[in-house]
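Here we start with a single chain on its own, the form predicted on its own, put down as C-alpha cells.
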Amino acid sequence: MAFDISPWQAPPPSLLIGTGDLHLWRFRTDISARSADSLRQSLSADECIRADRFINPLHQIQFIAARYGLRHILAGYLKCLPAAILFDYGEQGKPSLQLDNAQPLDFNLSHSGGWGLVAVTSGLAVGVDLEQIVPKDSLLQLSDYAFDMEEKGLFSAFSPARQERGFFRLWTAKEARLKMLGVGFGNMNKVVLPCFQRFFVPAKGYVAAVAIDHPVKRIIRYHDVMSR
C-alpha cells in the first residue's frame, strides 16, 4: 500500500490532522532537573504521584518530560494549555481524552532512554512503542514469553549479528499492537493483527513501531523541541 511519509520536521504554528493521517512526534526526555521542576507544574496530581514513585531521579525526570511532551503536543491540536487537558484511562491504563474535548483524537505515548514518541490520529485507535537498543542476556527467554510461533520463527532466522536489533524490532511491533488495543502485556504471546503497522528508526540506537486499526494515507513526522 502506497502512502506519503515526510522527513522529521519542525511542527507548523497551527496543527490540523485529517482522516487517514498519522502524525508521529519525537522529542527529547533527557532534560535538566530545573526544566523538569518547571514542566511538572503542568501535570495533573495523579501524574505527579506517579513521577514521585520513581526511585531513580533520572527516571523521574524522563517520566515528567514524557508526560509534559504528550500534553504539549495534544495542546497544539486542541488549542489549549497543556495543563488544561483531562485524561480518562482504560482498564490497562491507556489514556484517552475526556469526552468534553471537542476534537476526536486518538494518541499513544512511549518513551525510552533519552527520547519520547507520540502517535496521533483523527480518532482511530493507535499504539506506539519505542525502545532503546541495549544489550540483553536473555533474548531467547524473552522471545519465548513474548512471541507467537510465527514471530519466534522470524526471530530465529536472524543472524547472530542482527539478532539483538531483530528482537527489538519484533518486540516493539508486538507492544504497539497491544497498546493499540489497550490490552495488558499478559497477552504478549497472542496473535494480534492491526490493519496497518510500520517499523521505523526515530533516532540512532533506538527502534520503534506504530500500529493503527485503519489504513493510513499519509504519515507526517514532527520533531518537537522542549526546554532542556
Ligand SMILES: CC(C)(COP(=O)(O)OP(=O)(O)OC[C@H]1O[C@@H](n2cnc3c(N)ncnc32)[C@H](O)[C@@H]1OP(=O)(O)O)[C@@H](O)C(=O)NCCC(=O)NCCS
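The first residue of the sequence shown is number 1, and the count goes up from there. These numbers come from a predicted model, not from an experiment.
Another form exists, predicted together with the ligand; not displayed. Remarks below refer to it.
**Student:** Which one of these stretches, 133-141, 89-97, 147-155, 73-81, sits within 4.5 Å of the ligand in the predicted bound form when only heavy atoms are counted?
**Tutor:** Single hit among the candidates: 89-97.
**Student:** Does Thr121 reach the ligand in the predicted bound form, with heavy atoms at most 4.5 Å apart?
**Tutor:** Output for Thr121 is no: heavy atoms all beyond 4.5 Å of the ligand.
**Student:** Please check if Gly184 has a heavy atom lying within 4.5 Å of any heavy atom of the ligand in the predicted bound form.
**Tutor:** Taking the distances in the predicted bound form, the answer for Gly184 is yes, it comes within 4.5 Å of the ligand.
**Student:** Wondering, does Leu109 line up within 4.5 Å of the ligand in the predicted bound form on heavy atoms?
**Tutor:** Taking the distances in the predicted bound form, the answer for Leu109 is yes, it comes within 4.5 Å of the ligand.
**Student:** Using a 4.5 Å heavy atom cut-off, state whether Phe167 contacts the ligand in the predicted bound form.
**Tutor:** Output for Phe167 is no: heavy atoms all beyond 4.5 Å of the ligand.
**Student:** Using a 4.5 Å cut-off on any heavy atom, which residues of 56-85 would contact the ligand in the predicted bound form?
**Tutor:** Heavy-atom contacts within 4.5 Å come from Phe63, Arg67.
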